[in-house]
Structures are given as structure tokens and as C-alpha cells.
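In the form predicted on its own, a lone chain appears below as C-alpha cells.
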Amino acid sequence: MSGAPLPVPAPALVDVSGLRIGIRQGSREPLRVVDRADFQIGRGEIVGLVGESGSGKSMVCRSLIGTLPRRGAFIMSGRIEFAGHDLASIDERAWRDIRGKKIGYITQSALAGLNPVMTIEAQLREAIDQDLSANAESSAARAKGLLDVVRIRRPEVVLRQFPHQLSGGMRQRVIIASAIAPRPQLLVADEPTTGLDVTVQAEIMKLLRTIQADMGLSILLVSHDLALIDDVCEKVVVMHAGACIETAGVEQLAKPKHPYTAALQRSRIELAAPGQELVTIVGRPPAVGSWQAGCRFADRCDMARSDCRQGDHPPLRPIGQGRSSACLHWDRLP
């Protein structure tokens, strides 16, 4: 007797495969800053992107919003499939219909993301006007409504103010309001709580979770805070030295399948005992673009063998249960 047909999984909203990003250096060879980025973001999914500084996280974010040229960078190869578009090959004209409209962006700095000489209302109405369904009569009401969505009190007062008159937490809420104004499908949040105190960080992350649930959008969240990632995300992508080295569900990551991920987990500050030194990752990450042969974590890994230092960097490979690892000996991890 034949069983019922298996359901066909829905295609991911974002599918990054073989992404390589370089920075131009005049007549010299481009400096590779991202070499092997491979991950997916499902519809309505919150995915965390973690790794040390210099691992390539922000460059991946910029590739998703089309601002690499502003940093002298470009996509060398690979694909970024988004809602039927390959973002790795479209021109600036096509980007105007995607950046800020279908893909929103939340910057690291709550102050740098706003224009200091424009009122909050003027900046929100600029974002609202990107939505073709908006009109002049409804823009003012929508601006106030957006401040209500991001839980800003007395919105009618805040709309008349300038960024310097607001606290860091309020400015970040305004940036979030601007990012969601055109009703995007994807929100890229590049360390959105940088510079905010712990209480405000928690409020901002709670707000993002609420907005994601209410609007059904997808979020790529970049952060160094693994506790925050655990609390907010459903899936995690770990980057090291320009490459994605592990992807897993957030609960699965409690049992890492790559030595670098295991080292990150051991160095979490909330695990430190009072009065004792923090656990740190031995050694230093390799200089950007100056990567040795084989696994780029081998010189800092106590599991490394001779085959770990040969050939190209190990590719990210499925290891079962919906997770992947770039470690040749992931099965030796406890």
C-alpha cells in the first residue's frame, strides 16, 4: 500500500551558497574577506550569525543589502538567492527595488543610523514613502503608528524631535521603525544592541521578537552575545576566518560539532565563576585573507591532525539532524 506523498519543503527565503567577497587593492590581487559563506534563512525564521571580529559577518550583511561597493568590496563568486533574485549579480537599479523595501537594515550604531538634521517624523516619512501603497494623507498617521509599534511613549512629541534629543534606546527603536516601515520580508540586524546597556538590550531584543511574530518577517541577527542568540534565534550560523564552519539549531549548538564553536561556548562570560579568570580561545585568529592551508582553526585546535593542515579549507558538509560542520573530525568531539 502506497503511503501519502511526503510534503515538499518550502524554499528558503534566502539561500547563500559559495559566497566569496573581496576588497579591491589597486593593481594587486583582491583581498579575500569572505571565502566560504553557505547558509539559508527560512521564511519567518530568526537566524543568528556569530563569530569573532574579522570573521566576515558584517561583509555578509552588506552583501545582503547591496552596499559592498561603498567599502570598496565586491562579490567574487557565489549566489545569494532571495525571493527569486540572485543578489550577487543584480545591478544598482535592481537594488533600488529591494534595499530598504524588501530587505530592511538595522545598523550597529543607534546614532549613526539617523540623520542628525532631520526630525524623527521626516525620517520615518522618507521610509514610509518607499511603500508604494502609502500616500501623503496616511504618512503622518503611519509615522505615529510605527512609533506605537516600537513601544515609544508620547509619539506625537517624539515625532517633532531630533535624534540628539533621544536616548540610545529610543534612537534604536526609531531605526527599527524605519526599517519595518515598507513591510520588508527580511530584516538584517547587524549587532543592533551595540553600545546599549543590558536592560535596554533586552527590551530591544524583545521588541524584535514581537515584530517578527506579528509581521511574519525573517531576521538575520548578528551578535557576539551567545546568550542573546540562544534567547532569540531558532538557528545559528558560526563564522571563522571568512568561512561558515557550523550551522545548527540553537538547541543543537549546546553540543557543538566544530572545535571553534566549542571554544566559543566555553568562553561565554555568563559561565565564568566569580573571582576566576575568563576562559579564552587560545591564540589569535589568522589575519584577514592570509589564511593557511587546510582548516583555518587548526593552529588553535587541540584536536588537529596532519590532514587538517592540508589542501583547501574543509567545506561545510551535512552531518545529519539538519546541521552541518566544516570539521574533518567532528565525530571526535565529546
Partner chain sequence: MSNAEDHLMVADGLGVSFGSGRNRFAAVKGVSLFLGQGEAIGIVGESGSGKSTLARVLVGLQKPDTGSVTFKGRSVFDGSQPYPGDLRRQVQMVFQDPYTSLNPRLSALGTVAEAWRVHHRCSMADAREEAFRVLESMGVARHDALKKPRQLSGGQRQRVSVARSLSAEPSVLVADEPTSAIDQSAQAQLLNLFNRLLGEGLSIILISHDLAVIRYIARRTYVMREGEFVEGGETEQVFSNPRHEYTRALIASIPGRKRHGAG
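Between two forms, the rigid core is defined as the largest C-alpha subset superposing within 1.5 Å. Numbering follows the first chain given and starts at 1. Model, not experiment: these values are computed from the prediction.
Here the subject shifts to the form predicted in complex with its partner chain, a form of this protein not shown in this document.
- Of the heavy atoms in Asp302, none are within 4.5 Å of its partner chain in the predicted complex.
- By the criterion of a heavy atom within 4.5 Å, Ser267 is counted among the residues contacting its partner chain in the predicted complex.
- Proximity of Ala272 to its partner chain in the predicted complex falls within the 4.5 Å heavy atom cutoff.
- Taking the partner from the other structure, its partner chain in the predicted complex has a heavy atom within 4.5 Å of a heavy atom of Gln276.
- Comparing 96-104, 218-226, 70-78, 146-154 against its partner chain in the predicted complex, the single stretch with non-hydrogen atoms within 4.5 angstroms of it is 218-226.
- Among Ala213, Val198, Ala112, Val117, the residue placing a heavy atom within 4.5 Å of its partner chain in the predicted complex is Val198.
- Relative to the superposed core, Val279 undergoes a Cα shift of 2 Å or more between this form and the one not shown.
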